[in-house]
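Just one chain follows, in the form predicted alone, and it is written as structure tokens.
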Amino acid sequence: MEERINKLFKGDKIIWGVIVLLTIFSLLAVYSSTGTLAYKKMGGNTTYYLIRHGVILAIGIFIIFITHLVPYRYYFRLSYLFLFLSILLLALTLVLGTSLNQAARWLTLPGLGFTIQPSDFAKLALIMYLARLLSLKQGKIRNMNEALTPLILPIVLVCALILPSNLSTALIVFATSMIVLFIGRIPFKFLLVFGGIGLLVLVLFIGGAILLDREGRIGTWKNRIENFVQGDSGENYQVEQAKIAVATGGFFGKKPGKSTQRNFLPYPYSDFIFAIIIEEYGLILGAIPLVLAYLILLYRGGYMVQRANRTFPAFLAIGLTLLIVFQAFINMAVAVSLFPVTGQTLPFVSMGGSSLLFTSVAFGIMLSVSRGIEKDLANDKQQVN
């Protein structure tokens, strides 16, 4: 039986374990936190959202399974196409996107009614592209025209297209890209200059947008930062309710299904699901296992970099790992009032559609890389012998 499982589920077994743990947390937390939503929209049918989310999770795990069987070299070949498609979708979203909460982040698929966030796809595509180009340009890494410009321009373009509707995602993508470039041996002085230019562009964009649109998305960002710093009402209401959930959860929690703050927190099943987990399972059984799960994931990404004897899989693995871990810790920091409200979900735990599915793709690629690295090492060992 164990041998059959090992043949089916290849790649890093510890990452598979993290996926199983996140799946369990996701099912339990979403079922508990959607009770109020079920009474408002589904006539009290509390199992509706559990079944719906369970189906999405099952699809996500199926995507992981299929994706992890694809050799990582195929992602090398598809990176240019994926980047082009993601830029096209981001541009379409700015023009034709479905607007929710003053943010046009979603594209509605014609005839299906299903919405996706192209930024989720763009994150994966950009990391694939950077990993490919860094692996190809290692011999010319200090050449501005041949290496730096082809690397920097896509980062600028993708972040600029995401920025108007999703500041936090743009910053996560930019920060992750900078770290991948650093790992890819781009000189630190160039990264400092590029980071400074990026900061200047961000300041100019926000400054100009404030002059033109005080009540739109810029106003939302401004209010969130002011509320975070000053502790005012409004957006800070969410954080105050999350604080109550965390404080009343204590070390051991109120037990599964006993949350009271799910009735007061906006989006307890997505943006603030971490607070609900702490309220019900406490610090010991809720917060610490989740934090450790993402830290273990980060460690395994670094381990793959250490083990890889080829540059593309190393850069791809660490880039995707950082995307997931950064988003996770920002979500958790918001829930415990260490960061302004951002709207970032907890990867593979929060209820959602496209975000969870694209996270599944990222997990699948990471497992494909880990499987490929072990295969490459075995082949190299055979050649030596």
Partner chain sequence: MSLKKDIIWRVGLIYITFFIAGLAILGRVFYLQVVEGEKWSVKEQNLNLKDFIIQPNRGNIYDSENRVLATSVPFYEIRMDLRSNALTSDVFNKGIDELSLQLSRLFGDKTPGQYKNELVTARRKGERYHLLKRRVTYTQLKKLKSFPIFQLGRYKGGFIYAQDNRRILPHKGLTARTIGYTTKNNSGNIVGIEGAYDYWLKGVIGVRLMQKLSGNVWMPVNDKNEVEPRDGQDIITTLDINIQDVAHQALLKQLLIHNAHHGTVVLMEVQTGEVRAIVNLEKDKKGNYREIYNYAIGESTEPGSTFKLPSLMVALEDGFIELGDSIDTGNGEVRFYDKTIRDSHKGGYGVITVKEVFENSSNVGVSKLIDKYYKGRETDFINRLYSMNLNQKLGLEIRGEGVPEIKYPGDPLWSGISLPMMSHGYEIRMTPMQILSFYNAVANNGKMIKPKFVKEIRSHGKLIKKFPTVVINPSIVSSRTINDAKIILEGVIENGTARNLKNDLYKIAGKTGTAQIANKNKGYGGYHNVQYQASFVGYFPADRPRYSCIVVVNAPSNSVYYGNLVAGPVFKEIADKVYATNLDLQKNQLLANNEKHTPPFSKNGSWEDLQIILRQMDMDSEVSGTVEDWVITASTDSTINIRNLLIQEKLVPNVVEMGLKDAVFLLENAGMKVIVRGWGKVRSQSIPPGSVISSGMRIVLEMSFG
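Numbering follows the first chain given and starts at 1. Bear in mind the structure is a predicted one, so any value in this text is a computation, not a measurement.
The form predicted together with the partner chain exists for this protein as well; it is not shown, and the discussion that follows is about that form.
From the list 159 to 167, 280 to 288, 74 to 82, 124 to 132, the contact stretch for the partner chain in the model of the complex under a 4.5 Å heavy atom rule is 280 to 288. The listed set L295, A91, L136, L202 contains one residue whose heavy atoms approach the partner chain in the model of the complex to within 4.5 Å, identified as L295.
Every residue in the set E240, N263 and A333 has a non-hydrogen atom no more than 4.5 Å from the partner chain in the model of the complex.
Looking at P256, you'd find every heavy atom of it more than 4.5 angstroms from the partner chain in the model of the complex.
Using a 4.5 angstroms threshold between heavy atoms, T46 stays clear of the partner chain in the model of the complex. Among residues of the shown chain, T248 is one whose heavy atoms approach the partner chain to within 4.5 Å in the model of the complex. The partner chain is not shown here, and in the model of the complex it never comes within 4.5 Å of any heavy atom of V341. In sequence order, I179, F182, I183, R185, I186 are the residues of 164 to 192 having a heavy atom within 4.5 Å of the partner chain in the model of the complex; the partner itself is omitted from this view.
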